[in-house]
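Next up is one chain by itself, shown in structure tokens, the form predicted alone.
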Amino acid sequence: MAELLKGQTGEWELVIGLEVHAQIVAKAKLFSGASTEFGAEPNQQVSLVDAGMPGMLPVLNDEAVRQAVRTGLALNAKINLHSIFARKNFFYPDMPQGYQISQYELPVVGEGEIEIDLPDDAVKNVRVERLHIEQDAGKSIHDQHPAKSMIDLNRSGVALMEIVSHPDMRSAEEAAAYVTKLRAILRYVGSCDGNMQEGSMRCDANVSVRRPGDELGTRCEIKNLNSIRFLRQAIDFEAARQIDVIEEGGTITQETRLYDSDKGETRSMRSKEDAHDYRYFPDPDLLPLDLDQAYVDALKAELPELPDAKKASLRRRTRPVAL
């Protein structure tokens, strides 16, 4: 069990759930043929679909589906043979459509589990709630002009897997171990390169505190953490901030926060939406995704040896033999 945090008025338990956005290894975007190669000049890899032009229809990239299913199998997760794409409605300047095509009630991958490695050879199982496929937004750039923001749509429409955990982690160390193990699995499978410094793997941390044994506290979401070191720092700061607020008589507001790595602190970005605020509804331009069990079985048979299996194999090989 993770150590409890010490406050001025007693002990607190930290509760963490993670949402990892992993870019799927594919040459084309989720619903268009535009390139996904990293490092191109701004707005050079944008199709009419990615730019949200009227009348453009999405066409699903079957390689993205294949990689998502393989990842779900590697997470020991349930593969849903029937899933649906939905429109998640919200406005960002770098999202030309005005909505994100994602999955909501019926994702392609359901419940799974990851075994994380902790100090002193301890292990812990963290439950995966779901894995769904969605398209990425573009990128807003704020440091090129003193009074204007620039928009780069090269990432708009890139295929992502959003891997959502249950709130099973109780320390920044456990969260770091979870992301480390997940990144290793993705790299073994070949579904994501895991290069956080390039933005192909990002993490949102949902952080709350509570008295031991109490109901879950109000969570704050720390967005777009792009390194495991920043993940640790952001969680530790946010936990201490929430404890200070509560002990001083305040209340925690459900909100989205950003981590400033230069100052080592989180700061408020916007109020945190609930699912109903996004007005999810099935995307009328996309048919349901129906998979065949034989297709799933074939992908499972092709999986490489995964990290836990390889570790167990190496331990067996190095175990002393009695003479």
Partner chain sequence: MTDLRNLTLAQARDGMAAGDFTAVELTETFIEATGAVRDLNAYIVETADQARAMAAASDARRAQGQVGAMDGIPVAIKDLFCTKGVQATAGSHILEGFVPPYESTVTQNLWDAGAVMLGKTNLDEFAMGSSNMTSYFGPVANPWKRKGDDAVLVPGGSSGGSAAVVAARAALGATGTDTGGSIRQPGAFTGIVGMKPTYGRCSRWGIIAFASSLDQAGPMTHTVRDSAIMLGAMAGHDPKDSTSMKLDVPDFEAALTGDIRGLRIGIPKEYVMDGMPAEIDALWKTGIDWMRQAGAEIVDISLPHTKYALPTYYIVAPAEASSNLARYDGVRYGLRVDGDTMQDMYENTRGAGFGAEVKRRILIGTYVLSAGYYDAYYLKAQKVRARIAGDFNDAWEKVDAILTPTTPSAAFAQGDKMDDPIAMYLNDIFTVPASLAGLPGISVPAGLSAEGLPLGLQVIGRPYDEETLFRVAGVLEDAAGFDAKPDLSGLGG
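None of the values given here were measured: they were computed from a predicted structure. We call the rigid core the largest set of C-alpha positions that still match within 1.5 Å between the two forms. Numbering follows the first chain given and starts at 1.
One more form of this protein, predicted together with its partner chain, exists but is not displayed; see below.
- Only one segment in the set 84-92, 214-222, 236-244, 192-200 has residues whose heavy atoms sit within 4.5 Å of its partner chain in the predicted bound form; it is 84-92.
- In the predicted bound form, R279 approaches its partner chain with a heavy atom inside 4.5 Å.
- With a 4.5 Å cutoff on heavy atoms, D297 does not count as touching its partner chain in the predicted bound form; it lies far away.
- Mapping the unseen interface onto this chain, A176 falls outside it, with no heavy atom inside 4.5 Å of its partner chain in the predicted bound form.
- Using a 4.5 Å cutoff between non-hydrogen atoms, L291 does not count as a contact of its partner chain in the predicted bound form.
- Of the candidates G52, P42, G264, G33, G52 is the one whose heavy atoms come within 4.5 Å of its partner chain in the predicted bound form; the others do not.
- In the predicted bound form, its partner chain lies within 4.5 angstroms of at least one heavy atom of each of the following residues of 93-131: P93, P96, Q97, G98, Y99, in sequence order.
- For K148, the Cα coordinates differ by 2 angstroms or more between the shown form and the other one after the core has been superposed.
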